[in-house]
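Only one chain is included here, represented as structure tokens and corresponding to the form predicted alone.
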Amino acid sequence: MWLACRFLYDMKRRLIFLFLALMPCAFVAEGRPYVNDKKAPEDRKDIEVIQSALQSALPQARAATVCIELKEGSGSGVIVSADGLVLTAAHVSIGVNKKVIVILEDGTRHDARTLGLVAGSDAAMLRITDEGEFPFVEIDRENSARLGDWVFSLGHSGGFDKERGSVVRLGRLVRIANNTLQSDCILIGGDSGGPLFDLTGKLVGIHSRVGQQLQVNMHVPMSEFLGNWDGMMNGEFIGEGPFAEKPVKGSGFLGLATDARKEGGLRVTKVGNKSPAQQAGVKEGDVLLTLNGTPLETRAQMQELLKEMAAGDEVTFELERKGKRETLTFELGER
């Protein structure tokens, strides 16, 4: 009996010791990596922990990181929902309700449209308009990033390159302010709007300002996105600031002259050389029937509609040409 009790006692001690020995490892795997709290890696084990975490998080992070193709140049972004919601920078999104192209890591191209933005902090959203289920990453909703944390950045530096893919850089958070994170990850042009991740693969920021020194870069924290989420989802231009210029109503330029017809519609009598209307394919003799769905009856009516629009706004004309109906969609120029 005594031997049996002694055996059970020893086994219990061993199990408790094993549990306590394994508990720190489980905490590292599921929570905050211990290497974040060291000034620098001290041995090979520390480096391997960082390497392992990066290798584990990178495939999904890369799959969700996109190139955003604009009329002039490109930027980056990251998908945060299966239905194609993308977070990026306001200075990349070029405004509210604009058409852009999103390119996935495998080169697949999708139509997208910008949603809202925050002009003062450089936060913005857009949505892929093509149907499908898209790879996405998890947002850090707990604002868990801390000074000194290891992070990694992704972006389509200099534009999309299928053979190269998105570029990864490892670094640390060197400064945290109210609406700004600063890391020493090396970024260049084309990375703007791309994602910043912690070692667990959670999205903690979006690249905003690329510094004159490559290792000095600013990022928009997720708290700024979460605090303005509903407004951006509703397509609002929020606040004022250096990252986006609010459209001025009445600044749009069409570049044509018309006369009203008794039977309705406006006949085009002149199209300006190199005007937005000419570049979109409007011709003299065309009859403009509707503007953005509103039937056109007088020149003054069309001018009133245009006064509510700004340069860069999209217009859709339904017109009649030689007895056939056509639809033209294009952007207004700037006066």
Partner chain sequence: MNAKRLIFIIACVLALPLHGQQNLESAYRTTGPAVTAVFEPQRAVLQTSSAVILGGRKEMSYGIVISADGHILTKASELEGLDKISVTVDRTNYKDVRILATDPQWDVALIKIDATDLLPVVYAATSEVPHGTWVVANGATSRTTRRALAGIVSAKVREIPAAGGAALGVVLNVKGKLLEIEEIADGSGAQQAGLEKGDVILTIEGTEIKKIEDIAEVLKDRKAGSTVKVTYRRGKREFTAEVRLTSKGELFNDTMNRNDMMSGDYSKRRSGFPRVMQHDILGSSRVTGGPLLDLEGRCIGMNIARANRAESFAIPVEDLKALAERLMKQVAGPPPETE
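Just so we're clear, the structure is a prediction, and the values are computed from it rather than from any experiment. Numbering follows the first chain given and starts at 1.
Another form exists, predicted in complex with the partner chain; not displayed. Remarks below refer to it.
In short, of 241 to 249, 77 to 85, 258 to 266, 134 to 142 it is 241 to 249 that has heavy atoms within 4.5 Å of the partner chain in the predicted complex.
In the predicted complex, at least one heavy atom of N179 sits within 4.5 Å of the partner chain. The closest heavy atom approach of E236 to the partner chain in the predicted complex falls outside 4.5 Å.
Within 4.5 Å of any heavy atom of the partner chain in the predicted complex lies no heavy atom of R32. Shown alone here, S208 lies within 4.5 Å of the partner chain in the predicted complex, counting heavy atoms only.
Contact with the partner chain in the predicted complex, defined as a heavy atom within 4.5 Å, is made by all three of P41, V92 and V216. Although the partner chain is not shown here, in the predicted complex the stretch 61 to 80 places heavy atoms of R62, E69, L70, E72, G73, S74, G75 within 4.5 Å of it, in sequence order.
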